[in-house]
Structure formats: structure tokens, C-alpha cells
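Shown below, as C-alpha cells, is a lone chain in the form predicted on its own; questions about how it binds or moves come after it.
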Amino acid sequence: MSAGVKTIVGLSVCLACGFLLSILSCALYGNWWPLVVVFTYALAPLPNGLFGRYVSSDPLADVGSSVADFGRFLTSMLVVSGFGLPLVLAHSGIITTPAMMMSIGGGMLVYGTIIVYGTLFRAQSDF
């Protein structure tokens, strides 16, 4: 059992720490603009979930699905905007640099948790 209870608990702690950093980046500095990044956390996995079923299960098939590629493009656009938005807000002086670093750190924890969860449970369901 590669993804047991300890793995799920560890991933949930990482996810909670990521959201805590994002909320603290708003609350400690009295500016709630970094909270906009949290919406990208929720929206980023949706295109892969919606358009992922259009991927061919046959690895030898030479058929590419433009719908699946569009879903990957939307996911990557949301992930990049999740990291870029705090940078732009800090550069324009709307948020402070420590709030930007906390927001990006929280984003790294949240996105990393989503990626690790997906790889662990996809590998388990293939058998």
C-alpha cells in the first residue's frame, strides 16, 4: 500500500500549511489582495479533471487530443498566474514583499500537494 493513511495525513498537513501561509500573507500585513491567488488554487486542477478523460489510454496510439492539450494549457496558465500575480502585486506596490513571499510559498505548498497526491494515487490505481 503505497499511499496509506500516513501519506494522506502528511499531504493534508502540507495543504493546510499552504492555505495558512496564504491567509497569513493577507492578515499580517492588512491587505487582502493576496487572497485572490487562493482562487487559482481551486481553479487550477479543474481543467485537467474535466478534459483529462479525452486522453487516449493506448500508449501506442499516435492520436493527439486537442481538447486534452487545451485542458493542460488552461491548467498551466492558472498555475503560472498563481505565482505571477503576487509578483505583479508586489512590483506595483499593492502588497509588501514579505506578503508576496508568503503567498508564493503557500502556493508552492498547495500546488506541490496537488501534484504529489495525483501521482501517488494515479500510480496506485494503475495496478
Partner chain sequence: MARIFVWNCNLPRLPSAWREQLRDVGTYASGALFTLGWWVFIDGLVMSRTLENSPVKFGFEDWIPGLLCTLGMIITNSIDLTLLRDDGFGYSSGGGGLAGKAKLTLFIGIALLAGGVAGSLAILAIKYIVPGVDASVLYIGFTNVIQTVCLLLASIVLWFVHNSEHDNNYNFVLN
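Keep in mind that this is a model prediction, so the values were computed, not measured. Residue numbers count along the first chain shown, from 1.
Omitted here: the form predicted together with its partner chain. The next part is about that form.
Three-residue candidate spot 73, 76 and 85; every residue lies within 4.5 angstroms of its partner chain in the model of the complex by at least one non-hydrogen atom.
None of the heavy atoms of residue 96 is located within 4.5 Å of its partner chain in the model of the complex. Using a 4.5 angstroms threshold between heavy atoms, residue 80 counts as touching its partner chain in the model of the complex.
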